[in-house]
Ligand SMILES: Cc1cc2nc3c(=O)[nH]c(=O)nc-3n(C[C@H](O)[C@H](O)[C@H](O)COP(=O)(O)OP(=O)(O)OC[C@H]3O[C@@H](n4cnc5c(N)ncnc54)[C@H](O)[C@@H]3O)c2cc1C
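What follows is a single chain, given as structure tokens, in the form predicted alone.
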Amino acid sequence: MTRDAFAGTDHPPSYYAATAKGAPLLNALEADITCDVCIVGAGYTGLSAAIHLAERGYDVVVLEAAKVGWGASGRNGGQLGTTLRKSQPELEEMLGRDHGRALWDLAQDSITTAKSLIKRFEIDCDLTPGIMHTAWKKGDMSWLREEADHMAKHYGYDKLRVIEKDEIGDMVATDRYWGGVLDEEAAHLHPLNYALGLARGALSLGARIFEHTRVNDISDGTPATVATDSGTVTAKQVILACNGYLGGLERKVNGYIMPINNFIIATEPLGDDGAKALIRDNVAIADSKFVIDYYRLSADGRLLFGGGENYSSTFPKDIAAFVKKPMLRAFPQLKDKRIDYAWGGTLAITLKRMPHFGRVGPNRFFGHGYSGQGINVATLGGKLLAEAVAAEAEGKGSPERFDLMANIKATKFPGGTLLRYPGLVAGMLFYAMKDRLP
């Protein structure tokens, strides 16, 4: 999947597109304009950055090649997590206890920020509490339990409830799990409606958003000139918020991320009793496999099930059949249920599975590589990028919170942008095979 293949199109068919609410009416850029900050990409990162810059008084322009929330922001599993992708024990081992603890503070701010934006701008996105991380293998329960204990003991985080095997079967109608951990602070939501609500919030603060406006080139220098097919934006600062659709727009950093495709299906409505029988407490689920299954109930009682991924430039010909296989492994009782929607999307992963932030010049910033944890982390990312841009504009240097993320050492994928896929595919197939072992 390339950014060129889909630029300028409407939202692809999906359950989310079919139930979208309050999409703002936006035009393409057809003039030469100026602003303080030009943001490329109208997903969570770009829209959050626009909100946090506009409320500081900056003149902000957002350019989107397709539609607001067209990429992963409008197609994902809708799980609003409470971490920065890796667990705190992993971060402490990777970066040291002090850096790890500082990142936990950012993680807490990420979910607080997302929830506060939903409340502030009255975003109708079906926000519902609870994500349960389930143990696919018996041995997975030990580290899930240890992580919950670690968070309670060392961070005072008491929102993780260990679910043993004798209880989980009452909560989720499958015999596939050995237990799990319920994060009561996490949540799930309608991701496209969340993005559309962020766009309305940014517009209400004075930001300008242009859809169907593909960026072709960004000049060096201060100010920078952002060139599109039908106009230019001259800006003092530029933020790249393209994630999996960065392509060749900024070659200094595109080798640090890998676009991959993930897929979701939506069943027919199951009815109130059928939905409750499937997931008793209406929490979202993410299992412990390397290629995870993730799912939840929609507001109208469908099962939204994500499973399977590929690493090519195209989607499977029959997405519904592709995803129905892992769904039926968990829920064989759904074999006769109709699949009403099936869709895919492109996200960006990093080699270390941690987001990648930084700058590629004195006035050009970027944030991407959320590796499947995009809702809360990308929302936080836009806020941190706004802090960095404002600090630069005001001559205050680089802010500490932005540096906490930017200083996480990133590693390029071996082989560069042309040869990175063969190694990735080999590695993913290896771990996918391990998922199938006892």
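One rule holds for the numbers: they count along the sequence shown, beginning at 1. Since we're looking at a predicted model, the values are computed, not measured.
Unshown form predicted in complex with this ligand; subsequent notes refer to it.
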Query raised in the report: Among 54, 35, 408, 63, which has at least one heavy atom within 4.5 Å of this ligand in the predicted complex?
Result: 63
Query raised in the report: Looking at 364, 208, 356, 214, which has any heavy atom no more than 4.5 Å from this ligand in the predicted complex?
Result: 214
Query raised in the report: Looking in the predicted complex, any heavy atom of residue 201 within 4.5 Å of this ligand?
Result: no
Requested in this report: Determine whether any heavy atom of residue 180 comes within 4.5 Å of a heavy atom of this ligand in the predicted complex, and answer yes or no.
Outcome: no
Query - 4.5 Å heavy atom contact, residue 345 to this ligand in the predicted complex - result: yes
Query raised in the report: in the predicted complex, does residue 259 have a heavy atom within 4.5 Å of this ligand?
Result: no
Query raised in the report: Looking at 68-76, 152-160, 170-178, 89-97, which one sits within 4.5 Å of this ligand in the predicted complex if you count heavy atoms only?
Result: 68-76
Query raised in the report: Going by this ligand in the predicted complex, which residues of 355-372 come within 4.5 Å of it through any heavy atom?
Result: 370, 372
